[in-house]
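First, one chain by itself in structure tokens, the form predicted alone.
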């Protein structure tokens, strides 16, 4: 019993400074965060309502891909296992086979997920460094290689939301009222 009390006392001793300041509302502590800075930490939901302004084409995306993505994902989106870059295209119709290939083309149910993933996590060595125009262009390029969109289509907040992915019906739709807590700008009207 004394070991347990000693452990509890040690834990309380370590947590006491944090607990004693828990209700501190002193404005001099920390740095205020702008809406733009905070938006980087929230995912764009499947409906794409919070997609940023911008636009891009597959032709522009091909150039960006060659410079920033091919060294991990391969020249033809085939993936480079040794570099940690997964396959991005191909595998359509393979999910129910013994050797499914999970790629953007075959597996992902929403085009907005592609935008969000690139926007927040790519390139691997500089996540979040791409502009919205670059992300729209890369999304257009990847989707056009998979023959999901025409290679001449301009992607922006409105057109990306209308893209129907090959595996759109392959997942349970978990949308519900709790998703509202992830929306950054409730007062902005969503792009249509």
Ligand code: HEC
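Residue numbers count along the first chain shown, from 1. For clarity, every value in this text was computed on a predicted model and none was experimentally measured.
Separately, the form predicted together with the ligand exists; it is not shown, and the next lines address it.
- In summary, the region of this chain contacting the ligand in the predicted bound form, judged by heavy atoms within 4.5 Å and restricted to 137 to 145, 161 to 169, 46 to 54, 30 to 38, corresponds to 137 to 145.
- Residue in contact with the ligand in the predicted bound form (any heavy atom within 4.5 Å), chosen from 76, 71, 120, 92: 71.
- For residue 42, no non-hydrogen atom is located within 4.5 Å of the ligand in the predicted bound form, even though that partner is not displayed.
- Though the partner is left out of this view, residue 60 does not reach within 4.5 Å of the ligand in the predicted bound form, counting heavy atoms only.
- The closest heavy atom approach of residue 150 to the ligand in the predicted bound form falls outside 4.5 Å.
- The ligand is not drawn, but in the predicted bound form it has a heavy atom within 4.5 Å of residue 86.
- For the partner-free chain shown, 104, 108, 114, 117, 118, 122, 123, 124, 125 of 102 to 126 come within 4.5 angstroms of the ligand in the predicted bound form, judged by any non-hydrogen atom.
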